[in-house]
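For reference, the chain that follows is the form predicted alone, supplied as structure tokens.
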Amino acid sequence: MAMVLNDDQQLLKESAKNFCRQNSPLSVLRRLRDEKDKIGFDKDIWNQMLELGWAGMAIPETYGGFDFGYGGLGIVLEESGRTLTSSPLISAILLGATAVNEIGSDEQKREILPKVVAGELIISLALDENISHAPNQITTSAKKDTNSFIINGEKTFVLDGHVADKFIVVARTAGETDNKQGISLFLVDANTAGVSITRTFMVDNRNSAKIKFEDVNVLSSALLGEVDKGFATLDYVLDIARIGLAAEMLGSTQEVFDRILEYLKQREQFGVLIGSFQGLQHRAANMYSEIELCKSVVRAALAGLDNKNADRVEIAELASIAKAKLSEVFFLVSNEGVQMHGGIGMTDEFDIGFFIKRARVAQQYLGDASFHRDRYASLKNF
């Protein structure tokens, strides 16, 4: 399992780094927040990202992608995390396009994926129904009605839900609320009668929405995958997304640490640089060690996704390790970032506070550290 970047990946990393720093610095997110932008991301920047081919990074060439692998997409996500770039990369690409690619029929792939790669379609996953991540606790129902299904229920924390053109709705077609059997996935147009969307303003200034489905009628052809058997493939899609999100969190964590080091080298107290204080050096050394571990688990997880011989249990283990570790370390480093900057770290004028807000949301999305420790233990039959 390759733990270092190859030449092509290194070139992509430099390209993505330069693009994000020059075209999407953190000031863009600040502007979007201050203006309460209706879309929530800069369309010009997103169009440039599409032109660079980032949307098709992990999509097969057959469906308009570039088949560069999840290792490539992870690199892009890591660099976008450094500048807290707001875009549909996670919602439409990492989750939406991945779900269609892994679960959809060939006809569905040919219809949807080229449009996603071209930026003509934003597709979002409507999964969670509670304040905490619980992918098998589904109460949204989809009842069979001749040649269609009738969907009723509510979803929360739907990324980019207010601008999505389509939703992948996780609904229960059989079984009890917390049963993994009886879960099915459906493609639903956002403008379908009975779909109501309420935008949620998140603390990290990213896009989310609550979606309500009231007697939403969709044809049987809208079914993604097999009826009643959607959970296993859904869980694999979520693992891919968890690894990608961990890569973005790694970029943000590294950026905070770099800003801490820079501040320690500049700030003077009692006539000396605070970087010379042994207590602060120990804390910095601890963060450095933890970040190095994070790099290893993310690289291993991304390499696992691109390894055709890796089975899904192994991927699930790597995903939970990566998400749990990055949730803990991003929490630690974002806290230290504010604390080591002292009083100015708490002010809105300083960018460091944006990272602690992003950390709190990213920690919870797709399962926090506790969720993934428990899941890993279950996978290992502990």
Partner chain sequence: MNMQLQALDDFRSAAREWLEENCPPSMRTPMVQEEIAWGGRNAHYENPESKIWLERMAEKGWTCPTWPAEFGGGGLNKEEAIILNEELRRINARPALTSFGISMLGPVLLEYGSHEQKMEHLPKIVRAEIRWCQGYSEPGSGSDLASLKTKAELQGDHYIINGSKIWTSYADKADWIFCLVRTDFEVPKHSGISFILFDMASKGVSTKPIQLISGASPFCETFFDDVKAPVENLVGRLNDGWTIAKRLLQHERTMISSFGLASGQSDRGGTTSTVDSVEGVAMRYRGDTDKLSDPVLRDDIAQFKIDSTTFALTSQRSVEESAQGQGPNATSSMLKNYGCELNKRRSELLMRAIGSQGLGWEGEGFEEHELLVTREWLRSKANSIEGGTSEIQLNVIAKRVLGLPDILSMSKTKKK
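Positions refer to the first chain, counted from 1. Model, not experiment: these values are computed from the prediction.
The same protein has a further form, the form predicted together with its partner chain, not shown here; the description that follows concerns it.
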Has each of K265, V272 and N381 got a heavy atom lying within 4.5 angstroms of its partner chain in the predicted complex?
yes
*asked:* I'd like to check something about F257: if you look in the predicted complex, is any of its heavy atoms closer than or equal to 4.5 Å to a heavy atom of its partner chain?
replied: yes
Using the partner position in the predicted complex, report whether Y288 sits within 4.5 Å of its partner chain, counting heavy atoms only.
yes
Can you check whether D368 is within 4.5 Å of its partner chain in the predicted complex, heavy atom basis?
no
Note to self: Although the partner isn't part of this model, could you tell me whether A284 comes within 4.5 Å of its partner chain in the predicted complex, counting any heavy atom of the residue?
What the structure shows: yes
Of 45-53, 323-331, 27-35, 58-66, the segment with heavy atoms within 4.5 Å of its partner chain in the predicted complex is residues 323-331
The listed residue (Q137, N217, S105, S296) that reaches within 4.5 Å of its partner chain in the predicted complex by any heavy atom is S296
Answer key, its partner chain contact in the predicted complex at 4.5 Å (heavy atoms) among S196, S221, Q278, T177: the residue is Q278
